[in-house]
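Shown below, as structure tokens, is a lone chain in the form predicted alone; questions about how it binds or moves come after it.
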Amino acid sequence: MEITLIAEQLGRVGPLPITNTMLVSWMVTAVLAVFALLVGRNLKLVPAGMQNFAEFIIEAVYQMTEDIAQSRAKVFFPYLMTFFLFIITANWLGLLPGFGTIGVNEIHEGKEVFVPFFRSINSDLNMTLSLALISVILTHIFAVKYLGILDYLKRWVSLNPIFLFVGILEIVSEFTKVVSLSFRLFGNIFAGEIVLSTMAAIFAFVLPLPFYFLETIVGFVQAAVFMMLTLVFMSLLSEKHTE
């Protein structure tokens, strides 16, 4: 099976192309929506089952957010939790049987090409870049919220030549945040997709299992890293210099 950097197009809805990674992103959203409905359907003071599992995750992430962001935790937490749940669900969903293996053969430029119906969304740079941009934009929105527009602008602009130079370096670092967040997530998931496809093509049974276990861990780690880096960026940029 051939692995490409570009997500394969399955069809179009008017001018909008529908790719296999876009289809899976809708599936991830549906899975999370159903999970939220099931957990919130019969909430109890003494949690059990799915509610207990959900509260365990929420409490762990909120505690970490509060330790770093302190009073800003309540504002940051919903976005951080959303990043974590969306990314880890997408990563683990991409490990299910049928991803990358169920599809159709199509003719492109005179060659027969296999087009899978389902593909891990974070193996598409468009998705990871979108997540990184949302993360960085939210970081700056919160910085303006907590610092005020004047103190926010002072981080980047100053009449002092030294501070002005530092401000320019910080502006450059904001662009590197986007590159770092997007390529780290994309690179790890795309590399895992290639490894699993290669192993499955060589050894159909048993031997690929350790690699699936490894990718399960990688999927969790990458979701946690993206969330924690976003938390650190938000906390640092929204913190006053006097603090």
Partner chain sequence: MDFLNDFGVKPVLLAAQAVNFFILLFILKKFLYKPILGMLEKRKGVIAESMKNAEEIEKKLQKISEEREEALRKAGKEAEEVIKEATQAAGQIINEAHVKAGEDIKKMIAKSEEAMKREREKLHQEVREEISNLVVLAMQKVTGKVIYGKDQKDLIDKSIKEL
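Residue numbers count along the first chain shown, from 1. Given the structure is predicted, the values throughout are model-derived calculations rather than measurements.
The protein also exists as the form predicted together with its partner chain; that form is not presented, and the subsequent description refers to it.
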{"property": "Sole residue of 206, 217, 202, 43 within 4.5 Å of its partner chain in the predicted complex, by heavy atom", "result": "43"}
{"property": "Partner-contacting position among 101, 158, 173, 130 - heavy atom within 4.5 Å of its partner chain in the predicted complex", "result": "130"}
{"property": "Non-hydrogen atom within 4.5 Å of its partner chain in the predicted complex for each of 136, 212 and 225", "result": "no"}
{"property": "Proximity of residue 69 to its partner chain in the predicted complex, heavy atoms at 4.5 Å", "result": "no"}
{"property": "4.5 angstroms heavy atom contact with its partner chain in the predicted complex for residue 47", "result": "yes"}
{"property": "Its partner chain contact at residue 58 in the predicted complex, heavy atom, 4.5 Å", "result": "yes"}
{"property": "Non-hydrogen atom contact residue 78 with its partner chain in the predicted complex at 4.5 angstroms", "result": "yes"}
{"property": "Contacts with its partner chain in the predicted complex - residues in 206-234 whose heavy atoms fall within 4.5 Å", "result": "none"}
